[in-house]
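Just one chain follows, in the form predicted alone, and it is written as structure tokens.
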């Protein structure tokens, strides 16, 4: 049985959450058995780690940050992602290893290859078949265009330079793995973006 593990990536405020909601609605309407989850998080233990990572009151070093993301990911893989895939379900995850490569590897200057090593368990045991990258520069995000920049957590509150570096990281990963990572430039009309995502899933044999 073909595993169907999909991840959705992108910078802050580019409409990723909206597209995930539309995708979930589509799967439900078409009777596709799917699990929607997120990173960091997805299990009780990983959600506890998420609370530490995103707490605006805490200062976390880049090395510890990368390690905590990797630990949460291992927990998520073992207790939600792999069991769901073994049951024949489609798994759709809001962020995964590419977020670590972009945020910690590039924006935190740890290096993409180093962060890959920190995430060796995920790299070797549970890589997605398809990653949808919402390809939008955070400087032009929908939030900024709408004038509603909300800094909910420690990552969102980082500098403009940090988020620009994250975007460069995603672009680099898309160049490295063009078969897995499909870049979709979001349209102002959210349903146009949704249709492009569905077309990609069909083209890749996911649905």
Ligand code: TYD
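Worth saying up front: this structure is predicted, and the values here are computed from it rather than measured. Residue numbers count along the first chain shown, from 1.
The discussion below concerns the form predicted in complex with the named molecule, not included here.
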Spell out, yes or no, whether the shortest heavy atom distance between residue 52 and the named molecule in the predicted complex is within 4.5 Å.
-> no
Answer with yes or no whether residue 94 is in contact with the named molecule in the predicted complex, where contact means some heavy atom within 4.5 Å.
-> yes
Distance check, residue 155 to the named molecule in the predicted complex, heavy atom within 4.5 Å | yes
Do residue 40 and the named molecule share at least one heavy atom pair within 4.5 Å in the predicted complex?
-> yes
Stretch from 100-108, 133-141, 120-128, 82-90 whose residues place a heavy atom within 4.5 Å of the named molecule in the predicted complex = 100-108
Judged by heavy atom distances of 4.5 Å or less, which residues of 52-79 approach the named molecule in the predicted complex?
-> 54, 69, 73
